[in-house]
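Let's start with one chain on its own, the form predicted on its own, as structure tokens.
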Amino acid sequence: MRKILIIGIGSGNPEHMTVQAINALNQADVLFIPTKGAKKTELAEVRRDICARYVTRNDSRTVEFAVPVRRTEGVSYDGSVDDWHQQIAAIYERLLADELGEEGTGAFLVWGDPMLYDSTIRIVERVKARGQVAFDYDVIPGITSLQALCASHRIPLNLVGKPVEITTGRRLHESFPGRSQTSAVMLDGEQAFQRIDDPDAEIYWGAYLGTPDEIVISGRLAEVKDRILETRAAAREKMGWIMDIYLLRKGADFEE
């Protein structure tokens, strides 16, 4: 039976690779590398670099495939994502059928960690449910952008004895600051932090974490949010794309 390895490769630094992930790469007969258009060539390049650095077997090969663009106009968010996942599942099914022998092992190199705001596992499950290609799969965890963010800012993720909520920009208003003293925000294309009006809120923001282009800014939200917005816009204009994440915090480890 075919075997699939879903491998977390970290947030951009090839040295984020764990020993387990490196060993998994060398189990694969075929390494699948997604490409996301000319503006995001760096993402594919990091994957290629990782393969060049760590794959030691000389009989494996890489297969690159294009990821379709998610349609956003005229459809709900959930409907848009569902349709997008269906398209990618069809691509995965074709790759497994055409590029992998019945006893072969293939690997998908996943940015960050496959368990945190990534849909590779969901998409692979869709392919499995369709029943057209028989396979099993394993998941290898990776360093997340959230870990990289905290490391770059030299901060712990949580306040002592207090919870952390991980959310998206679309839902930030539900959690911070009313429900959570610490909110980690991913997938925020609208920079929802600019709508938070709390003089005690602090922000720890980072973009392109783990890469040579990494940018980090921190401070009182009211004091640095304009600088973050300007820096983000300039970086996106220069690079043609941006991946960023931030942590919002209010309070202290030990309240008086």
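Keep in mind the model is a prediction, meaning the values are calculated, not measured. Start at 1 with the first residue shown and count on from there.
The same protein also has a form predicted together with a small molecule, omitted here; what follows describes it.
Interface residue remark: residue 135 is not counted as part of the site for the small molecule in the predicted bound form, having no heavy atom within 4.5 Å. Contact check for residue 112: a non-hydrogen atom falls within 4.5 Å of the small molecule in the predicted bound form.
Using a 4.5 angstroms threshold between heavy atoms, residue 245 counts as touching the small molecule in the predicted bound form.
Contact annotation: residue 186 falls within 4.5 Å of the small molecule in the predicted bound form, judged by heavy atom distances.
Screening 59-67, 22-30, 216-224, 202-210 for residues having heavy atoms within 4.5 Å of the small molecule in the predicted bound form returns a single hit, 202-210.
Screening 95, 164, 116, 139 for any heavy atom within 4.5 Å of the small molecule in the predicted bound form leaves a single hit, 116.
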